[in-house]
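One chain is shown next in structure tokens, namely the form predicted alone.
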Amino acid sequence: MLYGKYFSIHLKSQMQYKTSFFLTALGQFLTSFSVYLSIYFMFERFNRVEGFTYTEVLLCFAVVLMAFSLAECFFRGFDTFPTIISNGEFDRMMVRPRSVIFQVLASKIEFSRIGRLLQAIIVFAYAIPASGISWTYDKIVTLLLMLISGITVFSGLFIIYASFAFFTIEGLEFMNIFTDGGREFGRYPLSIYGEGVLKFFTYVIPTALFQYYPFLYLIGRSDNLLYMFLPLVGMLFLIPCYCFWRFGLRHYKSTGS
């Protein structure tokens, strides 16, 4: 498989500088650990936030952090896409006999994001048994759908960010509000930010479809079976993201680099 070869090449390349790799991974771990500390100290002062307990919030935080880490690791090529355009590399991609999306996807795999992923795994290891949730088959499926849908939504946001570069050449930093900002907002259930924010992240950027509503079903705050399958609806977000990418690709003009 060609992607497997790219995967191996990137891994070998990054492991050539092991000290740099592990320090970067450690930095990623410590950054996300500081976010965990903010949650910890919040619950040292308040027993509940909008009725949600410490372990419930940790479970929510871990889902978003793991989904973001995996999306950033494997869709990093779209995050760095403005550089690919500005240095003329994209022109070469267009004449190669492979899908452009595949080439962008395989152009950058950021393994140092394992630091954030490790943080999410540790939080999961604590929160899953401590949450008091009865892990029946439907709850396990719900959790898996939340993770898969989260990866899809964040990946879609990276694709939108890359698509803007067809028109601007440079990346638009405001997209960080929805990528990094979505990760930061996701540390708590979205309802605590107010109805307006919850609606925005439901109908515009469907973060709530994998973060909030199925989470209510997971912790037993709602018995609405529809909430369990809302992450599948969130995955459809990838369709307009792809359409925007195709729209940008049709209007692309070489930078002449």
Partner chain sequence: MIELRNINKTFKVARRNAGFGEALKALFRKEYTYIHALKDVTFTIGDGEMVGYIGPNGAGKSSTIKIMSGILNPDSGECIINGLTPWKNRKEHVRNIGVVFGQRSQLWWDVPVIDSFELIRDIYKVDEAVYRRNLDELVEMLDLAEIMRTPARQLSLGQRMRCEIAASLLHDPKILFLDEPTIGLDAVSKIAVRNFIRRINNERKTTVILTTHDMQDIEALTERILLIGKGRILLDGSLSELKKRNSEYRTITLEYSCGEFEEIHGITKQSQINGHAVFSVDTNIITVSDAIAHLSKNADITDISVVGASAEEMVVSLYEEFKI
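Worth saying up front: this structure is predicted, and the values here are computed from it rather than measured. Numbering follows the first chain given and starts at 1.
Although not depicted, the form predicted together with its partner chain is the subject of the following passage.
Would you classify L144 as touching its partner chain in the model of the complex, given a 4.5 Å non-hydrogen atom cut-off?
Contact check for L144: no, nothing within 4.5 Å of its partner chain in the model of the complex.
Is the gap between A125 and its partner chain in the model of the complex 4.5 Å or less for some heavy atom pair?
Result no; A125 lies far from its partner chain in the model of the complex.
Taking the shortest heavy atom distance, is I9 within 4.5 Å of its partner chain in the model of the complex?
I9 belongs to the contact set for its partner chain.
According to a 4.5 angstroms non-hydrogen atom cut-off, is V100 in contact with its partner chain in the model of the complex?
Within the cut-off, so yes.
Name the stretch: of 176-184, 149-157, 73-81, 86-94, exactly one has residues whose heavy atoms fall within 4.5 Å of its partner chain in the model of the complex.
Of the options given, it is 86-94.
If you apply a 4.5 angstroms heavy atom cut-off, which residues in 1-22 are near its partner chain in the model of the complex?
Heavy-atom contacts to its partner chain in the model of the complex: L2, K5, Y6, I9, K12, S13, Q16, Y17.
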